[in-house]
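In the block that follows, a single chain appears as structure tokens, in the form predicted alone.
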């Protein structure tokens, strides 16, 4: 018994200190009028759900929520599709396979601030390489305001985030492809299955569990994405790229209303938990999963 307690104690302490306490502290802050003055006066009056009501009634909330949804869905779809295409491509014996895969990992290895700075230079209206290339090809007459236009800024930061996330998807999906037995492809080929049929009836069904993990991790990672957006647009122009994450930061460290910022952060946690529960529910319904009642 003591051995079991001693084995679990470090994990319990770690979860309590680094996860439990911050969550409880953030929840407590969201229920109080917590401003910059609270740090030196020690006074933070209890206001109940007033901060949540103020956040939900704020017109920025709807904008931030829709931006978060568009940014997350757009990033996940293209990161996964391009990552899967690259993983399938590198499954073949192509020259310099290892070198090319290593080079594609560079965006993943760079700090997000560096990636954001690179894309800020690419999207620069006057001197950016993208506008200069399009002008050189005669496709545009003047520089496109990729980051300063309210109609293009969100798409621009989404493109930058897609570039950052592709290597993660490719690496995990490539590992999943390596675990599929080669004799299944050989048997399918003997049965006359073409490349698309082999992908549809062999690759995709066996890759589905790995794909679910990739999409779930990508979802959580994208929901809390902060660095790239802050470096590129800081949530602007006119809240065009404001997500729940950047809005929580703006409320806390821009307006110094930490209670409102904590309320937005807690709402984001609830959204992530909902998707996590959906993911766990999906895992339980898969054949062979513990408690599914089904065996493959």
Partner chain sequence: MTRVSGNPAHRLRAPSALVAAGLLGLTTACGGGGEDGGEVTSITALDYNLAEPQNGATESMLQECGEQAGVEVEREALPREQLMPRLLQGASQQELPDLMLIDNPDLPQFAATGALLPLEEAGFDTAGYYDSVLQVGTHEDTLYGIASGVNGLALFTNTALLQDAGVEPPATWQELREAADELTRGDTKGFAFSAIGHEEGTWTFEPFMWSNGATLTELDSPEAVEALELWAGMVEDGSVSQSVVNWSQADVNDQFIGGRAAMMINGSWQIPVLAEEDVDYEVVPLPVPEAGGDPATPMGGEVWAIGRNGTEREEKAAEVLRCLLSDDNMTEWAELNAYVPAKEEPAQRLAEDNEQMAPFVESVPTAQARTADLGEDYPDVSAAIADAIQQALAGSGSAEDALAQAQQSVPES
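Residue numbers count along the first chain shown, from 1. Source: prediction; values computed, not measured.
A second form of this protein, the form predicted together with its partner chain, is not displayed here; the remarks below concern that form.
Per the 4.5 Å heavy atom criterion, its partner chain in the model of the complex is contacted by stretch 124-132, the sole one of 76-84, 96-104, 187-195, 124-132. Using a 4.5 angstroms heavy atom cutoff to its partner chain in the model of the complex, all of 29, 232 and 238 count as contacting. Among the residues 223, 202, 147, 88, the one placing a heavy atom within 4.5 Å of its partner chain in the model of the complex is 147. When you look in the model of the complex, the only residue of 268, 50, 44, 65 with a non-hydrogen atom within 4.5 Å of its partner chain is 44.
Its partner chain is not drawn, but in the model of the complex it has a heavy atom within 4.5 Å of residue 21. In the model of the complex, none of the heavy atoms of residue 227 sits within 4.5 Å of a heavy atom of its partner chain. In the model of the complex, its partner chain sits within 4.5 Å of a heavy atom belonging to residue 37. Remark: residue 54 does not count among the residues lining its partner chain in the model of the complex, judged by a heavy atom distance of 4.5 Å or less.
The partner is not shown here, but in the model of the complex the stretch 89-123 reaches within 4.5 angstroms of its partner chain through a heavy atom at 120 alone.
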